[in-house]
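Taking the form predicted on its own, here's one chain by itself in structure tokens.
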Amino acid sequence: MLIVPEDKCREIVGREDAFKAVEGVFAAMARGDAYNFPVIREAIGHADALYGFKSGFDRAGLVLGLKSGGYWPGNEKRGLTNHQSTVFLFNADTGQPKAMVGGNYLTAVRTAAASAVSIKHLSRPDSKVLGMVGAGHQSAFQMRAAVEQRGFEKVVGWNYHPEMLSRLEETARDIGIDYESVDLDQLGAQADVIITITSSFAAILKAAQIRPGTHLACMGTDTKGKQEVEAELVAAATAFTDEVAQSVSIGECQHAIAARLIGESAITPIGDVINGKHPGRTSDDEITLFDGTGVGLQDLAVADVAVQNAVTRGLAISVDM
């Protein structure tokens, strides 16, 4: 079995690697070549932590495995990442362990890649202002991935805790684009694309705050009860997702479904857009929304790339089982 440590993943998997892997696996899912298994995600009753498993199988690429991990909200005070995870890959022919891969960086880069895929396929090509709702650890990954898809000239940001907005400002400065901290009304009025990346359990953005033509990538809702935008906004948008089953049960669309504002048939897998089966955005005034629930196949795809690159560069550790 091979081990790819956490500290090596950042060296060997870049944003372009993650983007190609995630876009490819979304397309494979829509074709029926890859599928996710049911998610297990539970509060463990200790340290306010959420812990679980995401798993799946890519039949075309013969990538089989799971990601084990979750969210420990007190970790940042300890100098650790709140999201902690490890990916395990198995030989699809024999079931033998194939690799163990550090999953923290890969989770951040694959989540950012997913929103970037949605921006590429669903946002207006002339989008100039990027709105960021949330300034946690993953926000910098999100911003860097997003600006590679459109010619953004400015970032506007909002966060529950304003003292954390310096992360967005510093990231924008490093990229070389303007930044402004704003309230939510101003954010909606200015932004052409909005990324929400929070752990909120109450709607932050309202339908009335979003102007026609906006694309929203809702990336924080991955658990029953979580919510970043009000259900009426989901209903007003053309909704896309990584996987419909997760979208209606643990994703942003769960609330619009529960309120019977939309039906499951109103949600389109983004893989259908990638594969050319769905046109995606159909007008400049259309509001599009990507419900990024985070599927296990994303983790397996980027972990498989990490293993391949680690082997090529001689960075994988081999152990006997």
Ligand code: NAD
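Don't overthink the numbering: it's just position in the shown sequence, from 1. Here, rigid core means the biggest group of C-alpha atoms that superpose within 1.5 Å across both forms. Nothing here was measured: the structure is a model prediction, and the numbers come from that model.
Here the subject shifts to the form predicted together with the ligand, a form of this protein not shown in this document.
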If the cut-off is 4.5 angstroms on heavy atoms, which of these, 204, 189, 207, 182, is the one near the ligand in the predicted complex?
204
What is the one choice in 84, 238, 200, 249 with a heavy atom within 4.5 Å of the ligand in the predicted complex?
200
is_contact(residue 161, the ligand) in the predicted complex, heavy atom dist at most 4.5 Å
yes
Residue contact check: residue 110 to the ligand in the predicted complex, 4.5 Å heavy atom:
yes
Taking the shortest heavy atom distance, is residue 230 within 4.5 Å of the ligand in the predicted complex?
no
Please run the contact check for residue 271 against the ligand in the predicted complex: heavy atoms, 4.5 angstroms, yes or no?
no
Heavy atoms, 4.5 Å, the ligand in the predicted complex: which of 93 to 101, 209 to 217, 128 to 136, 169 to 177 makes the cut? Say which one.
128 to 136
Going through 270 to 300, which residues have a heavy atom within 4.5 Å of the ligand in the predicted complex? Please give them in sequence order.
292, 293, 294
Return yes or no for residue 60: a CA shift of at least 2 Å between this form and the one not shown, with the rigid core superposed?
no
Residue 262 C-alpha moves between this form and the one not shown by 2 Å or more, core aligned
no
With both forms fit on the core, has residue 287 moved 2 Å or more by CA between this form and the one not shown?
no
